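There is one chain below, alone, in structure tokens, taken in the form predicted alone.
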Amino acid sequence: MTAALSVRGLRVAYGAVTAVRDIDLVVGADEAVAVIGSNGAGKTSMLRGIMGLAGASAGELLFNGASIAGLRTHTIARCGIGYVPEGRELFPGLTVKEELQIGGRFLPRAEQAVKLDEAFELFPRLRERQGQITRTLSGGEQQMVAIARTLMSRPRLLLLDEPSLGLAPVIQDVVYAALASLRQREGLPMLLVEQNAHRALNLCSRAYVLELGQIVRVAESASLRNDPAIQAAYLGN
């Protein structure tokens, strides 16, 4: 079966500074994959390189077997890759409903309404706050909006950058329960980058370890959870 995403030899640089290099990574068509690593390891740069938001000076990027290397970000999104950035990047003057409607702006009106109902089913709190301005929401609620907005576009692959960052544990539970529900209900493939290795490894079946811009290990999540070196470096054990 064709992989949802295949990355080979990816290099992302900012001027003379190379953020990631020689990244080889695969996300299967029905797979959730994590990339764990410390702050500054290059996780965000890797996702930005995949999405065309940072200059990928080398590498092969295939989405469902078709090359997306060199495409503009909006074209990559229209191909079916949904991206939830670190920091959420919401429009501060819009309501929750308006924000979600932007995510589904290319859908027919009837389908947009269906996706909106699905978003509110996934995050019931957003239904209650659909008329509220997004900048007045809590950080956790804003993260829910960011994920729901991306899902409005019917992605066939979901990229998430630090979805638990800055959230209280109880809100992390809500966000990760929603992601697990998406996996169980739709089998939506995901590529998740996280400092919170506990959360990432519990959701994903397989993970890559990124250090100083390079992949240093790939293994099943269960294997990484039980590895003393990984426990010491990323799991606080």
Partner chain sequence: MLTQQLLNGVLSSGIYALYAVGFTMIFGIMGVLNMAHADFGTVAAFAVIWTVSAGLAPVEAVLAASVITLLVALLVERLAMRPGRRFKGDAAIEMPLIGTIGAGMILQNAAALIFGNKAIVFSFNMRAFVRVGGLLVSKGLVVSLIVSAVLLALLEFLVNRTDFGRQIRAVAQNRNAAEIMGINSERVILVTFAITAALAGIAGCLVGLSYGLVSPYMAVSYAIKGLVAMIVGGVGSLPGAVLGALLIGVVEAITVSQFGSQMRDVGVFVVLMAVLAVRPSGLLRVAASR
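Only a predicted model underlies this, so the values are computations on that prediction, with no experimental measurement involved. Numbering follows the first chain given and starts at 1.
The discussion below concerns the form predicted in complex with its partner chain, not included here.
Original post:
Ok, L94, L122, L165, L107: which has a heavy atom sitting within 4.5 Å of its partner chain in the predicted bound form?
Top reply: None of the others qualify; the residue that does is L94.
Subject >> Residue contact check: T150 to its partner chain in the predicted bound form, 4.5 Å heavy atom >> reply: Yes - in the predicted bound form, heavy atoms of T150 and its partner chain come within 4.5 Å of each other.
Subject >> Close approach of E89 to its partner chain in the predicted bound form, 4.5 Å, heavy atom >> reply: Result yes; E89 sits at the interface with its partner chain in the predicted bound form.
**OP:** Find out whether any non-hydrogen atom of R199 is located within 4.5 angstroms of its partner chain in the predicted bound form, and reply yes or no.
**Re:** Contact with its partner chain, no.
Subject >> 4.5 Å heavy atom contact, E118 and its partner chain in the predicted bound form >> reply: The answer is no: E118 has no heavy atom within 4.5 Å of its partner chain.
Original post:
Within 4.5 Å of its partner chain in the predicted bound form, do we find a heavy atom from each of R48, A77 and R135?
Top reply: Contact check passed for all of R48, A77 and R135.
Original post:
Okay, which stretch from 35 to 43, 201 to 209, 177 to 185, 66 to 74 lines its partner chain in the predicted bound form, with non-hydrogen atoms inside 4.5 Å?
Top reply: Single hit among the candidates: 66 to 74.
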